[in-house]
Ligand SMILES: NC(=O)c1ccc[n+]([C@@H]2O[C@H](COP(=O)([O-])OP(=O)(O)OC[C@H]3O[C@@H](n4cnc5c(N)ncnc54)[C@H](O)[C@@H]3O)[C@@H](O)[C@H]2O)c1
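To begin, one chain is listed below as structure tokens, in the form predicted alone.
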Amino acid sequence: MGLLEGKVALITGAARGIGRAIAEVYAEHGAKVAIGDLRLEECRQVVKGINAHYPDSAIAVDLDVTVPKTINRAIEETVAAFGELNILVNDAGIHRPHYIIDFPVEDWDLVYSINVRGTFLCTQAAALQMIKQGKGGCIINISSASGKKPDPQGAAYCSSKSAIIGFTRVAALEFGKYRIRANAILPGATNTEMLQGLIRDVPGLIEELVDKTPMGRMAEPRDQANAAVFLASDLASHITGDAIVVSGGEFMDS
């Protein structure tokens, strides 16, 4: 029996990268998964792959984390398909690198709209569903190690990921009485489409990242997904309000 047998999860930003890996590993551990993203056709391809191995375990939901009505609809579709909602993973996020003095306010607002406002809106809607069910639940927010350290051209990204850490702690404080846990995962450098874009733009970046990592490699999306399995499982039943760094030692908090 898998660690998430009988659980139902909604994962945002799940068409690619870490979100996709979480959906796939959750299904491997017995969960039913709703894969939410603006890239609906890519979501359907992920669903097709999951259901080929674990029939009737996944659905695709059209989800824009900045629009409350699409969030509510995604939750309704998840509950209609699988009966309830036990786990929310807020993975949707973007990075717009600029130096502060040149930072377009439109890009700043976009980063905060998706990374912070989206996390808030999805958490609020999912928590209301979990409270109505009366069975507790689990919320996992994908922050970043950059939420605890500065990166050049990272004013919006780093500060938005810091905001997610603070928000997660408040959620844990407020939701504990409903037996809903809230935790954050702080990935270090992870081999996703987002990072590959930065690597193409910054010569020598990948070598620098690997050199800084005691484990001698950058993370793969499944490294982050494994942490998300643990946090969503009953093995972590007394862990809430925490921020777990998964970086192979690249980032060690002092």
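Note that residue numbering follows the sequence shown and begins at 1. Just so it is clear, the model here is predicted, and its values are computed rather than measured.
Just so you know, the form predicted together with the named molecule exists too; it's not on screen, but the next bit is about it.
When the named molecule is considered in the model of the complex, D223 lies well away from it, no heavy atom lying within 4.5 Å.
Taking the partner from the other structure, the named molecule in the model of the complex has a heavy atom within 4.5 Å of a heavy atom of S143. The named molecule in the model of the complex is not approached by G137, whose heavy atoms all lie more than 4.5 angstroms from it. Residue contact check for I114: one or more of its heavy atoms lie within 4.5 Å of the named molecule in the model of the complex. Stretch 93-101 is the contacting one of 128-136, 167-175, 93-101, 80-88, since its residues have non-hydrogen atoms within 4.5 Å of the named molecule in the model of the complex. A heavy atom within 4.5 Å of the named molecule in the model of the complex is found for one listed residue only; from D56, D211, E41, E193, this is E193.
Residue K161 is the sole member of 161-183 found to place a heavy atom within 4.5 Å of the named molecule in the model of the complex.
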